[in-house]
Structures are given as C-alpha cells and as structure tokens.
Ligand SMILES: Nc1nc2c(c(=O)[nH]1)N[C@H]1C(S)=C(S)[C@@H](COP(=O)(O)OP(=O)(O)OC[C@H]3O[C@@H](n4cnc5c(=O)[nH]c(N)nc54)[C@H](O)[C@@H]3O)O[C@H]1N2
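What follows is a single chain, given as structure tokens, in the form predicted alone.
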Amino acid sequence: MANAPDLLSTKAAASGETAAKTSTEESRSSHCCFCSMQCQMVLTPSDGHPGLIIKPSPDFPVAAGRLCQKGLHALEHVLHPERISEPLRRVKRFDSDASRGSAAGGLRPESWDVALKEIAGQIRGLQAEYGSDAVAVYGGGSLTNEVGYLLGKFARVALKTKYIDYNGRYCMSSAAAAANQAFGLDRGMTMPLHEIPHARYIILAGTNIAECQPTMMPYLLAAKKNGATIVTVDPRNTMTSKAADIHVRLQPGFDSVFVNGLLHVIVAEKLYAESFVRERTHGFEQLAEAVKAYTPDYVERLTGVLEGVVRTIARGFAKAETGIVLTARGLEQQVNGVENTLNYINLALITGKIGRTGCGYGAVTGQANGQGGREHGQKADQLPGYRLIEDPAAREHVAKVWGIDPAELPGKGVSAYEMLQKIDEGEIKAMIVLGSNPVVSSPNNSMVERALRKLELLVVIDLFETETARDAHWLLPGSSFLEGEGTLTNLEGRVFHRGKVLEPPGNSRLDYEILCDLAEELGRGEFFRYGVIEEVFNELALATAGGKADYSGITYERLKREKGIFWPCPAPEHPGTPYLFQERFHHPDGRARLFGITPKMPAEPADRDYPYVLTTGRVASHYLSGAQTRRTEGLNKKAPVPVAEIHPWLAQKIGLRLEDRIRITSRRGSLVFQAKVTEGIQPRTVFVPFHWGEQLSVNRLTNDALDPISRMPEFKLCAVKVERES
C-alpha cells in the first residue's frame, strides 16, 4: 500500500475533460471497483493540473486511510482511450484464430434505437422458434446490488428464461454451499473485520490476502502485534505467508486430509469445546468417526506435513482463547471444494470459536460485490434475498413484488459453466453478457470460445472489447464504477452506498438503463420503469423482506448517514447484524451441523503421463480477467505477462537453463510461459496466474470438472507435464 501520488498518471491527468463533466471544484467519494474490501476513495481536482486524482478516504470504517495499488490506479481504465462509447454491431464474425479479435472492418457504430430494436427482434425470433430458454444471461460479481438484482429480474420477467448464472459461480459457490449446510446461512464472514485483532490464533487456508485484499493485512498484523499466532496453508510461499508464524506448504488436493489430522488431534486429546458442541451442534459422532484414522503420522505420510506440525497447529488453535478461520479459493475451487470448506468450518465449530469476540469463520470473498452478487437473483437457483426459486413461498413473495403470476417464473437453470456447455450442445442460441469475461475466466476456455462462436446472437455489455466481446454480434457501452450509483455488499456483509462521480462518456448508458430499455423493446417495459436507481434498491429491499439476506430495513438515506449496515436488517429501526450466530444458527433448530468428511481424490490426479500439478491464482497488480488492469499502465508494467513458478527440483529435472521458458501441457492444451524458479512452492506443483487471454491464458489448460454440489470448476489443480522450451 502507498499514499496517493500527486497525479494518478499522465494519461489519467490528461483526461481531465471527461472528469470535469461533473467534478471540477469539489471532491467526490466513491468505492474501489476491485476486491471485496471495497475501500472508500476520494476523487479530488488536482491543483494546477487538469483532471482528478484518487486518495484514500480517511473515515470509511473498513479500511480508513488505505488504498492498495489497484485502488490508487482505478481511474485509469475509466478514462482509457479504448473505452467503448457507442453501440457497435459486428458486421463480420471471424472464424479463424489468426483473425479472431481483429476489429478492422468488423465493428460498425449504430444508434441505440437501432441496436435495441434489432437485438429485441432477434431475441423474439429465436424464442418463437426454440422457446424462452433459448436465450441465456451471464452476469458478474462486480455489479452493484441493484444491477445484479435487475439482471435476475430481466432474465425471468423480460426474457422468461431459466438460464441465468454469473461469474461468482467460479468464486464463492463452494464456500456458500458449505456455509448454508453448516450454518443454515451464507454470509462471507460471521463477524466484522475489526474482530481479527482480538483473535489469538488465526488460520488462513488457501488465501493470499496480502496480494488479493491488501488493505485487510493491517487487521492481521494488528492481531500479530497483540500476540496472535498466524498459520497459512498454501502450496506457495506468498506475501501473506511471510507474516505467518507457521506456513504449511500443502500440495493442492490434500486439504481435507490435513484438516482431518487437526480434527483427529482435537478429538483424541479431548480439546474440543464440549458444552458448545453438545448444546449448539449436531453431528459430532460422525465427525469423530470420520477422523479416527487420520493420525498425525498417517497425515504426514499422505501429505508430507510433519506430524509435529499437525499436532502443534491442532493444539494451538484448540487451546487458544479466541481464534478465527479464514478460507478462500485455494481449497474451494476444487471438485471437493464444498467438503474442504466444511472441514475448516468443523474446526471452528468443535472448538467453539463462533459467535463471540475474537472468534469466527470467514470465506474471504474475491470480487468487488461477490457477496451481494449472489444474494439477489443472479444464481441459477435463487431469487432475491437468498430465496430458492423452486420454493413456492419464495416464488409467491417475489412474484407479488414484481407484479406477475408466480406461475410465470421459470424454474432453476444450471451453473455458469454448464450454461456454456449447453451453448456448445446447441440448446442455447443467444446470450447476453454483462460485467464478465468468461472466455478468460472459465476453465477449458477453448471450449468456451468454440461455444460462443455457435451463438446466433451474442450481446456483450462492457467498457471494452474484451476477449468475450470479440465474438459478440453486438457490443453495448456500459458504465464504470464511477458512473453508476448504487449499493454493494463487502466481504463482511456490510451494505454501503456508492455515489456517482462522473457522467458516462460519449453515448454510453448506465447498465440498469440498458436493461430497462431492452425490456421495453421486448414488450415487458411496464415491469422495468424506474425514475432513479434508488427506486430499484427500494424494490430489491421489498423483494428480500423475510428472506435470509433481508435488506428490507435498509434505505439509501440510512446508508449515507450510517456508512454501511450489516444484513440481515429486517426493519427501519433495526441496527443491522454485524455478528452472526451469537445465540443460534440459522437452521430451524438453531444448531450448526458438523460433517464427517472422507477425503476424496481430485478429478484429475497426477499420473505417469502427467506427473505434476498445475494450480492458478492472482497476482497483486491484476484483477480477475485483467480487462481493466491490463489497460492500466501503472499496473500492467509490473506484470505484463504471466510467469510460471516452479521449484528448483523440477527445474533441474527438466534441465531448465537461464532464460529458458517452460511448456506446460494438460489433457486440454499446451502453452509456453516465462518461468521463475523459486523454493517457495511445493516441488511437484506449478503456479500460473490467470489474468490474461489468448495464448497467455492458463485457463486453456485447467480442468472443467465440477463440484457435485456447488458446480464450482476445479481451477486449483489439474495434471500436467512440464518441459523446457528454449
């Protein structure tokens, strides 16, 4: 982290004419568009220079006075010259990889009137021929609550299709499924971030907070200063593990084996919180039986983690007065991701470290609005407020708010990747993509490219011609985070208001306006008439009333005054709920569920032909598919290309020499990367970040096997062979 520079960059400063549309004399506050911390920023005119600069806000309670490098550079992509500012029609779709993506002669400007009429006409024609479900919607976890809500409503009311899902399926679905099973409720964190410094033992599993949520690190460092022991579990030595007291360098796929070893020690030595387990949980006997065979000695033989380390962590966490477990994608993005997460929740529950000061469990949300994005209707099986779409009472409640017959609502669809497969199989003929870039972010993405080229209509609403938009028939210019007012929900479950700072450039429109205008052209405009975005939020609040994620007591006026409210908040006088599960869990009997986990093999274990494990993740200077950060000079120059990390043992085995690159081959493809040799990685594991497209996209290699419950793809491990490429 750093203080804001005098100027964000020469490019951003020189673009002051755009910024000056709404703000030349006063500062405006907003919130960062990147990670789930959602730090507040202040955009202020720069003395003696055109344009605006970004500084951290001094008073937002989540990260007061702090912004990371991405936040400090967040204006640059908003003002980027490649920004789309008018509707574009593709007059020629390219068939060969060699010409794919070239816009020369391929995109032609059109008016909004023509674009919306023609898109609506094509949708009506396809649905008349193939049925309502011939059209799909693909959303994003960085959209505001209002736009995410409206997108779900648009799919089900305007299009009447069951096929809607979003890129959060690739992010939080395993953690969400596990929390719902264990607690009866999914909110990323059971406590506010300010409880972290009160914890005396913290386990960070599969999360690299220092690079993915940098402004969260001060909470961990404060805990360490207060005497906390910090344990990191990751196949790599990361910036986060440098702050740890114990680092467990675990090969991907052995997460539940390792946790079973911890649970074995706690059960065998009777270190569990007996009264808490007896009074507030079910399933302890099944858990105890499941971990009986996982002695520390046995776990060492399976994982290489020393027996003494297993005992030390188990005893330390169990005996600590307070403790917190935080998990993330490292253990969740696997075909056994739900079970891996449940096992870490087991650890928090049997030690009684839930619902009191300095204790809790948290799944560290990745995307900007990853929490709110999954609460209000973008997921295939959900309606607003975390209601299930196949629950008759839920359908009746939401249909009443929307003014339709419950029978008009479609049933549940399928997950994001399965939706793309249905395109490839020919069932889905058209798709609208808003706020996502699935060509880069999906596993086995060569299949995704092939599928999208089969669509008779692909509409992408975005700021740029992304890798996904290069196959679009229509590219519609949407709004950036500085242009669209709305609310978001951060990783704590804190809902807050983000104001408007700039006007959309050129002929761009706000995302919610595009959806409403298209609904009008489809003949369903009566359900999508809003004067301002606040009216969308008010409707969202009504739709969530009585649901698990109840926003009905929240208003814009309260959010502006109180700087954020934790859901559930079921009434205007309700203060919100910063702490979950202090007295009861969300299951009808008030008790949490413990699960006995029998570890399973990954979908694609290493073998003789593919003897190594590929894992993927982020780097500090990029975000998701890189559509914004790769266009930000100050960030991209720090990581212009993906670099594969390999262990010296593997480098020696393949005869790697200075300046050599490596070829990584999976059952789905083969790519060449620059290599970094480091002892800070598990010897049989190779790490490659995923923020790039085309021949730099590691997701050409990743496995598309899905967790049976969450339908999360197994991004975090697949079998590969590694060779020297001179």
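Predicted, not measured: the structure shown is a model, and the values here were computed from it. Counting begins at 1, following the sequence as shown.
Missing here is the form predicted in complex with the named molecule; even so, the following discussion is about that form.
Which of these residues, Y294, F537, W474, Y623, gets a heavy atom within 4.5 Å of the named molecule in the predicted bound form? For this set of options, the contacting one is Y623.
Identify which of T632, T207, T489, T341 has a heavy atom within 4.5 Å of the named molecule in the predicted bound form; exactly one of them does. So the residue touching the named molecule in the predicted bound form, by this definition, is T207.
Can you say which of 312-320, 184-192, 650-658, 163-171 gets within 4.5 Å of the named molecule in the predicted bound form, counting heavy atoms only? The contacting stretch is 163-171.
Contact at S142, R236 and R618 by the named molecule in the predicted bound form, all three, heavy atom at most 4.5 Å: Yes, the whole candidate spot contacts the named molecule.
In the predicted bound form, does I123 come within 4.5 Å of the named molecule, counting heavy atoms only? Because no heavy atom of I123 falls inside 4.5 Å of the named molecule in the predicted bound form, the answer is no.
Is F60 a contact residue for the named molecule in the predicted bound form, using a 4.5 Å heavy atom cut-off? Flag for F60 set to no.
With the cut-off set at 4.5 Å between non-hydrogen atoms, does E449 touch the named molecule in the predicted bound form? Residue-level check for E449: no, no contact with the named molecule.
Is there any non-hydrogen atom of L52 lying within 4.5 Å of the named molecule in the predicted bound form? Flag for L52 set to no.
Just to make sure I understand: among 324-353, which residues lie within 4.5 Å of the named molecule in the predicted bound form, judging by heavy atoms? Heavy-atom contacts within 4.5 Å come from A328, R329, G330, L331, Q333, Q334.
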